[in-house]
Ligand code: NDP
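Shown next as structure tokens: one chain only, the form predicted on its own.
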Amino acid sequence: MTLTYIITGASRGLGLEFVRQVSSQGHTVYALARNPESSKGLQNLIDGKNVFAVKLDANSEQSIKEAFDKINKVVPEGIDILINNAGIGCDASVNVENATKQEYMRIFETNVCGVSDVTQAFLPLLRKRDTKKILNISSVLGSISTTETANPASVKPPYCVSKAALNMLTKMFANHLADEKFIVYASHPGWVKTDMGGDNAPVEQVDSIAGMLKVLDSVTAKDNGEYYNYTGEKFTW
């Protein structure tokens, strides 16, 4: 069955690989990015048939509204899956002693508020379909229970705190939408070779996305509000 996806942060890294793999399966993808025209990788995938680019700044309410209006006009029958992939990180030199209020707020705005605003905006389209799946890309660094092993040096606290908040947001959306048979969950993509993950990361983008898509295909109502590794293993919050 052909499904319709919305993928944010689609101009590079994990988002771009999501677009590549989802479209290769024959699904329709609306690839949302702040500057889609500047991404050569995304432009190479846009075909006007399965892959469409839509400008979206997750920190701008006006941009989100314009993106919704554009997609609603071409797919008034609704969308099946929303992948909230857009997110930003911070430098490893930032720790709990030197992290500034400005850095916390900058990252929180995108990684938490942006996800909330985008999800709220596209709920009307998700409600029109039976699939009703929302995947939020989190991180092991947002897991409070594994902090001592996953981040013993306590670096990048603004990023870690934002992902912990995203996990709570995921749970709250899951609870709120459970009666409507939504499946809302979070996923740790692994430590992946991306601009954020760096060249020393052990997981390739293609493997991370393939794993997460396998989980996405298999989740059912019982998985609403869960937290998974890209391998399909359950994570602890």
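Everything numeric in this text was worked out from a predicted model, so none of it was measured. Numbering starts at 1 and follows the sequence shown.
Heads up, the form predicted together with this ligand isn't pictured, but that's what we're talking about next.
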- Check whether residue 155 has any heavy atom within 4.5 Å of a heavy atom of this ligand in the predicted complex, and answer yes or no. no
- Message: in the predicted complex, does residue 83 come within 4.5 Å of this ligand, counting heavy atoms only?
- Response: no
- Query: Might residue 211 be said to contact this ligand in the predicted complex, defining contact as any heavy atom within 4.5 Å?
  - Reply: no
- For residue 13, is any heavy atom within 4.5 Å of this ligand in the predicted complex, or not? yes
- Residue stretch of 169 to 177, 66 to 74, 46 to 54, 183 to 191 approaching this ligand in the predicted complex, non-hydrogen atom distance within 4.5 Å: 183 to 191
- Among 151, 143, 110, 119, which has any heavy atom within 4.5 Å of this ligand in the predicted complex? 110
- Query: Taking 5, 27 and 123 as a possible spot, do all three reach this ligand in the predicted complex with a heavy atom inside 4.5 Å?
  - Reply: no
- Item | Partner contacts in the predicted complex for 59 to 97 (non-hydrogen atom within 4.5 angstroms of this ligand) | 59, 85, 86, 87, 88
